[in-house]
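Both blocks below hold the same protein chain, though in two forms, and each is given as structure tokens: structure 1 and structure 2.
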Structure 1
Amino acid sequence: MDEEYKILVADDEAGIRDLLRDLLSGSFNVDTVERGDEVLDRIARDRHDILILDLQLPGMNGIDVLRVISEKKVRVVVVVITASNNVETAITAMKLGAYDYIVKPFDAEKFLVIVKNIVERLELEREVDTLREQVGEKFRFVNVIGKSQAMLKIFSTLERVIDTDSTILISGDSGTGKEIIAKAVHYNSNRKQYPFRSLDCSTIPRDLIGSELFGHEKGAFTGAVSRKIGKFEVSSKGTLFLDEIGNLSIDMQAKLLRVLQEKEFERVGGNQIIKVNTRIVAATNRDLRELVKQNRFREDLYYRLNVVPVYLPLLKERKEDIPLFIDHFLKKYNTEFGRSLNIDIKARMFLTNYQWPGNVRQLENVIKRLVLLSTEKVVGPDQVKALLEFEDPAAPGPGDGDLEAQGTLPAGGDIVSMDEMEKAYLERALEHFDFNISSTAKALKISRKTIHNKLKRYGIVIHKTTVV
């Protein structure tokens, strides 16, 4: 057993306190109190993990102590001990959150088994907390990819409402990163220690989506062989992300509206009222206002969801973010596949100026395939073009920002000097790397000193932007 765990023994009998101290001291830090009104202060001050609680205590009886622990959501595992074998008392204690209930005189071996099981539970909870924190760290606003003004504005809006219960409606084309924003909302909020769950409303058959959202009772319909807990119930106190919410049927929209208004629902086939406190973040790639006009989406639900509207622009409309995504996905898939692929400056600029009809999702897929399939250590623009043409020959290529269109001759075909070409090329390379001299020099395979000399020669002024 782990000595870092702290146990508080609350019993008015000195003999019991001494016995439990002797049993536990070899493996735990053990404190004792003899009055019920001392328990809560000690737990709050010393942060005990386990409480061994006698029900018959002076000052405040054990049931009242349990009730306060339950109401204040104090994080401590309680084992109740008492001289009474009253079944009703045991039921009351368990309803108030006690982990187990034992009657005096008790068997020391059985008692230690109970404590061992508690330690295993605490260890599992700590692992879950650690994993949740690690996952959450990826979605801090400072780690969500985006330095464009559009993304900075979105982050600023979300930070103002992050700890409220306001619903958020994220709109934007497929592949723009709506679920990433939903996770960022959750893991930056005061709900981050509770579950985040998601449901794509476009992939669930209409006759089953009620069961997915609200759960069902055994026998509610053919195939319901056992009770199912739905997404709302699982994510209570946390966040539920409803993607493609425009696909919900009208009757399901009415049920969702009721949950948002009343914070309660019934499982399919059940009649028990279940209270929930779940934050809703919804997303859509459809125009819900147009669906409201067509009577295909409830107007009252639309306004309930659209308390905090967020629009995610197309990737081609936030080109400043593309170099960040390139580096992010390169690092991700180089690590995953054990590779060390790099992309040269011309290929990076081609990728930056590509139109990306599939948005971030398409860019990620392209980088993944390059890392997985390339036989070279450095990818050039020809390989990138070939892959994109193979993926979709009809897809739009680079627009006005095409490297070759801008890097050689200006519009109209007028001949320009080599100095003008070099200056334009250097300016685009600097912009691509967010005006980072070291990164630009490395990509162009020249020294930092050479970069500085050229900046001075061409009168280029560095304007750094804020990197998020």
Structure 2
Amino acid sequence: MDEEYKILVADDEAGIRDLLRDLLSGSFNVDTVERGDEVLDRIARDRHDILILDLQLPGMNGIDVLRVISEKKVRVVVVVITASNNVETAITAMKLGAYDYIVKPFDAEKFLVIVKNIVERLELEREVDTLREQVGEKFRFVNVIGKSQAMLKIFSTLERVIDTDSTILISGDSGTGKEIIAKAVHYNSNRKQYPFRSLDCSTIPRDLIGSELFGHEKGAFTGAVSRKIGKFEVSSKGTLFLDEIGNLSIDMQAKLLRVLQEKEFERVGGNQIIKVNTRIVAATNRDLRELVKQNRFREDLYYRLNVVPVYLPLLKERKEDIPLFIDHFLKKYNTEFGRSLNIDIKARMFLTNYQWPGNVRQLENVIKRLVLLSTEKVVGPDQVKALLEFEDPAAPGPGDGDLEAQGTLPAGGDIVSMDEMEKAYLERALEHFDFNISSTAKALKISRKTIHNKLKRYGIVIHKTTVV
């Protein structure tokens, strides 16, 4: 837990204030107040993240405090603690947005678990906040690069639907920019001040997806020690990015369909109906229509999602964007690493005519590595070719436009980074196991997820796709 999180304890009983202070102060910055009518001023002044609120308070009772917090949209997570067993007050408190409700005398450890969960949630929110700050500019449409016909068409489609609640389905190969488009949609829409969340349906274990999406109630299953708020709920009013939607199991597809239709759901193990207004942006690198034909994807869901289809072509099919990308990534990594590298015209031509099996991500990685590794001020074609060969010797060479590049050239320098070693090793291992991810992972003693991450990171594309 984090000392920087601030907690305000509002209770008129000195014993409870002392106890909560002693329970929390090792990990948090704790303040206390005795009176209900002081709570709001204190939060306004000291910006507490969490409020532990007793309901029977002099000056202003806890329910009224909660009401103001909810009306004024004060950003604080509230846990109500009360000595009363009255169910109705509990319901009122939860309706007014309290995160949890605990009855005195409570269990110290359970109380700490609740606080820990809140911290996790705050941490997530913070991440998004910093992201939002960092990229508040970055995700302007102007920063989604592209002047090709295909990209211009995408921009104009998105501009028309940006402020609507329409679901968007982005399809495209790995590394074509599905995620950056999803973020651009969110941060350019009128939902931008609300959370953006994403869930990769291909990396989360199937039986956890339900609770990730919809949350769960305490005790919903073994291990559900406390309530969890799902991504749908967190991103209500915001945007939820469902990556690799084609991997969703059939029963999750049914649940998702219901949320899209009714805009409501229940937490796993709960029966309270939760209303949300979450915008869905889904992405897939598989052909969903094909999955529909094979009865592996619900047709009705497909139509629900495909309200605004966005298709991202392979990078080699929009070559006119490549020079823009080169400049964009050069600038980005020169700034990041404090360099001033440039790429000469021949090298640029080579890059533009390359096949880019790993699409934009691969191009980005290549430029990042050039900036990092190059000892010269200007990079020529030889260095680029050497790097690409190292990258992906099996990949088809550059397009027909560049004959010179077809020959094998010796590496421009002897510098081999750890990353490159790892990448080469990983590629060999994959080849050895016939590109079977599970066997490779086992042999390398790393998880499948790590392999997938590394594949992405290095822009490795598996040519021999194994059917899942």
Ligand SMILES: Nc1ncnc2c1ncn2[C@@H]1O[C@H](COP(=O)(O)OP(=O)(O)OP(=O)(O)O)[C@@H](O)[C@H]1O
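Heads up, when I say rigid core I mean the largest set of C-alphas that superpose within 1.5 Å between the two forms. Numbers given to residues start at 1 and step along the sequence of structure 1. The shown structure was predicted, so the numbers you read here are calculated from the model rather than taken from an experiment.
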Form predicted in complex with the ligand: structure 2
When you overlay the rigid core, is the Cα of residue 97 off by 2 Å or more between structure 1 and structure 2?
-> yes
By the 2 angstroms cut-off, has the C-alpha of residue 111 moved between structure 1 and structure 2 once the rigid core is superposed?
-> yes
2 Å or more on the CA of residue 291 between structure 1 and structure 2, with the rigid core superposed, yes or no?
-> no
Between-form comparison on the rigid core puts the Cα shift of residue 71 between structure 1 and structure 2, in Å, at 7.6
Residue 224: CA movement between structure 1 and structure 2 [superposed on rigid core, Å] = 2.3
